[in-house]
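Quick heads-up: the structure tokens below are two forms of one chain, split into structure 1 and structure 2.
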Structure 1
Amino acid sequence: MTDTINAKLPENKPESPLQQTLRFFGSMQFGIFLLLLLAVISAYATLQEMEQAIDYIYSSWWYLSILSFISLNLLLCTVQRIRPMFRLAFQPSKSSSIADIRNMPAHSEVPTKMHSDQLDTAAQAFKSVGLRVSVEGAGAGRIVFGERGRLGYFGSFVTHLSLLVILLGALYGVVTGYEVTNGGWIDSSFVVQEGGFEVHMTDIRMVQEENPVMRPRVYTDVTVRRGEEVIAQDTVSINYPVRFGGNTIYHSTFLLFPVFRLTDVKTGESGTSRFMEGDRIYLDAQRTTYINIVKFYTNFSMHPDGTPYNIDYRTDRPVVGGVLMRGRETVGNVLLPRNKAQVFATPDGDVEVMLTGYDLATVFSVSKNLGRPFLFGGSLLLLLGLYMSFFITPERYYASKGENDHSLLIGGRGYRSRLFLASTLQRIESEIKRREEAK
């Protein structure tokens, strides 16, 4: 590692306090500190409940401050290193003395015949291994210079810039966007205040997978209106969202709501309602007698010991499992299969309860994220930057006549790399020998 990018300042001039501050905030040490801090805090956060971590850590002012400092750090480091980087890439020290070459991480001396065009041989050998070649200096100090992988000098610059684009894109998305969860069953609507539109579900279909133990797919036809105007109309399903004007509606999950008919046995009055798991079906006016809905089995069966279970996602045998309560007292478990009426005694008289069917509801995640193009572009740039950093390695090679005119001195150095220098140098060496022998 002989070359490095340093944000060099004009020499002999003391830095002003502002310059010193900016240099600190753009320094790699500060960056390392921030990254370590973020790693430690994030590791701690994952030990908490996820919701807790989101509410109290990831969205806290201090976590966001660390991210802001990282952005500042990246911005300053990117800007401060532009000039030195260009200098390093485009103004290489092309002349080197014999002593310099002997000090290079990879170097060797190739014996040659004595003639005047040794350096031409070196230049041809450099070219044959794919280097861009130029001859520098004049007279005895003439040097052949060859290099490749210049793009590699810009790797970290592109990487840092891309990270900045990603961070700012995320910020922009959060500031200008929204995310809400909402949904409903067939022929219902909900309003998304943040987007100024209403979503109507015209149809919801459940399609079983070939293998019924797989969760079925649910397709929801939605019509989106702004005022009277229809602004989107399409079908939403898992992995197939609907997009319009920067907004997106994603299928998040679906729910099945058992529907019960309750009939007053004495008067014959009846009514129908939907329930959810966890709801209570109140049977009397004082709400002292009720059924706690524990689980809705769509394809019910029982283990030999009597514990109920769901065979798969088919809806062949819908049964609701619940607990009958009277006041605080548990009366017993109840199973309510479809279309089988059961009568329960209450202080108001007997009530007949019957599961008549179920309704399908979809839950959507609706969001708008204008930061997306920046995130996507930044990500591509990030991959490019990392590729440039790690897969394009700048190498520079030098050749000069040896002290006694009977040899060529060749040496090479790399930017953060020396692993392949020796083998390239070896190839150059054998290329020179081959050409010398042909002479």
Structure 2
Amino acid sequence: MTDTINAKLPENKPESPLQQTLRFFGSMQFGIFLLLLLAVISAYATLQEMEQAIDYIYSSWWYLSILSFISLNLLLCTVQRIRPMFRLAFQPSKSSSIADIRNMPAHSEVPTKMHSDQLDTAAQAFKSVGLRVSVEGAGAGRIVFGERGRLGYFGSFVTHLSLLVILLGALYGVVTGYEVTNGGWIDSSFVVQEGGFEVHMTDIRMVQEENPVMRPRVYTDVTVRRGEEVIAQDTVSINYPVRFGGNTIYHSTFLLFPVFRLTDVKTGESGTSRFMEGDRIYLDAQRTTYINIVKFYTNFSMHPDGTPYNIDYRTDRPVVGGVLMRGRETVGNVLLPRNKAQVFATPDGDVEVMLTGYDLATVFSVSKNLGRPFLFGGSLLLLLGLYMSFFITPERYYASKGENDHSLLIGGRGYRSRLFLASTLQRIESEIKRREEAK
């Protein structure tokens, strides 16, 4: 006989519409359907751009509805298992007949002395292997009952509960949270409308690694204000975010903005602007002549075939590579080293272009997720549930006098596994024999 959970509905009593509805939403079939649907949608979302997946899938009402129904399914499954699980764990059947013991997955008959107190010996042997022991019944029908691993019955219950906490935490985080990307250079600011605060970058420092081929580390000193009040002030770097009031500022990446000075050769008028890769440097008022910035090389060099490349992340030899355009016509490639002016002819006259340096900028990911504590707690609860399911095995053992007074009949059964039954019974049998020999 194997321990099972029997949750029977009252016989000959029709279910109410509410009971039928709850039974449907709490059924395993409905749960499996929802999980398969979620898996298909999540697989599709991974093929989309991250921002599109977040905005149009993960934050959509229908995706949140699926998560809500999964949460409801887990909740109903969990509630339905409480009473039978509690009854199985704390109200076990402690009596068993000789025939029942012989039909258990593991059983044995141990010879004993005729006038010894066999059941007392069995009880002591049960205790010696770590079982919680009680003697049930009276007279010739007495049974020694022993058990251990009672918490193992609740492994699946705790696992279901942890998944429910994780899902609810994720839903709470999506509904109450946000995630935006922004940044800037030294002494610039940006406003996070969703959080109602402003982030000001007071300083940005780039520290090269010992091996310059490795990406350098960037440290950004930020001051966060809500109105005139400073609510946070710290340094953000990779793997070291700034957290305040449920908000988090993560370092996403850094950018180098080449700075150019453009001078009208005829009039001498000049101006300085910063650009980034992909921008256009317009050289005339009609915007027909421009340089399309292709690449900013911080430590420039060229292969033998004339292909430019970056030696490493050092900034020893900054050069901007671009393409000179007149309308839709490509004039040719240009290389603009630092502090070396080049003159370009335009319909408005000659223009001098010179790379004067670069500005360092930081890109942040700013998010708020009030569900994160629930996700963390649910993860810990999930680990506990898995440990209880796989490493705590409920076992129950019974001992009774055999058909005569010369033997003890012992047997055991487990809730999920029979792995340890035979070895435990062997230890019990050895202990009984040892005690009998000592008498």
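Start at 1 and count along the sequence of structure 1; that gives the residue numbers used here. Just so we're on the same page, rigid core means the largest C-alpha set that superposes within 1.5 Å between forms. Because the structure is predicted, anything quoted here is derived from the model rather than measured.
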For the form predicted on its own, pick structure 2
task: Determine whether the C-alpha of residue 383 shifts by 2 Å or more between structures 1 and 2 once the rigid core is superposed.
output: no
- Post core alignment: residue 23 C-alpha displaced by 2 Å or more between structures 1 and 2: yes
A C-alpha superposition of the larger rigid part shows the smaller one rotated between structures 1 and 2 by a count of degrees equal to 14
In Å, the rigid core superposition gives a C-alpha shift for residue 64 between structures 1 and 2 of 3.7
Expressed in angstrom, the C-alpha movement of residue 53 between structures 1 and 2 on a rigid core superposition is 5.1
